[in-house]
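Coming up is one lone chain in structure tokens, specifically the form predicted on its own.
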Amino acid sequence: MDLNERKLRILQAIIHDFIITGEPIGSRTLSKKFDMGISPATIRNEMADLEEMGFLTHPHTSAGRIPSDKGYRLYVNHLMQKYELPEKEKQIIASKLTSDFNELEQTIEKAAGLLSEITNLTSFALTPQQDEDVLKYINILPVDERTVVLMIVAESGKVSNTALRISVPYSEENLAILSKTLTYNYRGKTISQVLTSDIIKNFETDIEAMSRLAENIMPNFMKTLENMLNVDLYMAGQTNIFSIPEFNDIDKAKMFLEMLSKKDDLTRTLVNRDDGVIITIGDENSEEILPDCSLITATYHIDGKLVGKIGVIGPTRMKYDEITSVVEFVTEKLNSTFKLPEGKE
């Protein structure tokens, strides 16, 4: 069966109308709303063909049709027009994401909130995987006689502050020396290099004079580095689901919130997605994502090296053109925010 231009125009009109209204549409209503230049009977026949081909479906006993996942896929791939964000919206996004390079996590979290605010959907941002992140400096700060804070700062702006219990006496001078020694040994090394090499053995040879303190610090130092390899998932707008008609059913809303609560599953799904702007619709998603949801993700870069994911999740009935443009623009701003000035290492 031929998917000719007329069928494509009808499918595009149905999808456009359904995204706006959320209501099934019949041939007579379609004929009145859109100037097709053909009779309602012809439209009805074409709609029947489109349903037979799997691009349309009809809910329950309604005479109207709605898009299927396959219909949305055709729309996204071939029929969706480029949506240009208004300049005012661009300015708002740009102003809110202007940040110091070192405020990586705060800015990524802010970007997730901004996406939710603009799209009225649930948004998320995944911090970069840190295995190739380069250490910048290490500092150990006193708190009380048995507690210190281990601060590790990476070039990407990732900062880890860990409170450690110490079983031996220490002086601020010893902490300062140990901090400088750690920084000297590990500055410029990636986290994975530190964790997989003999650097630790070499370092332990250099600090025999303060070995008891080092014995307290070093296992926690290594554990903190391992934790820094983990990605963080920031989410915003989880309760926006209650304003979406498709989730007025309390059971559907509950299932959606339960899906979001399984952060490990969701994080794994996002990490494994391809780079670039990716749209997956309904059953195209992994089993961790509800079948009546769509997921739009984009990849952002940290000075062209480390990458993370950002995007939104919502019902299959969403304004794909507008939302994709918002996600793309926010990603562009993140890329420019976290690009080191030329000549800066």
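None of these values were measured; they are calculated from a predicted model. Residue positions are given as counts along the sequence shown, with the first one as 1.
If you look for the form predicted together with the DNA, you will not find it shown, but the lines that follow are about it.
**Q** Choose one stretch from 45 to 53, 314 to 322, 294 to 302, 275 to 283: the one whose residues place a heavy atom within 4.5 angstroms of the DNA in the model of the complex.
**A** The contacting stretch is 45 to 53.
**Q** Decide if the three candidate residues 25, 29 and 63 all line the DNA in the model of the complex, where lining means a heavy atom within 4.5 Å.
**A** Answer is yes for this spot.
**Q** Examine residue 38 and determine whether its closest non-hydrogen atom to the DNA in the model of the complex is within 4.5 angstroms.
**A** Looking in the model of the complex, residue contacts with the DNA include residue 38, since a heavy atom lies within 4.5 Å.
**Q** Just give me the residues of 73 to 87, first to last, that have a heavy atom within 4.5 Å of the DNA in the model of the complex.
**A** Stretch hits: zero.
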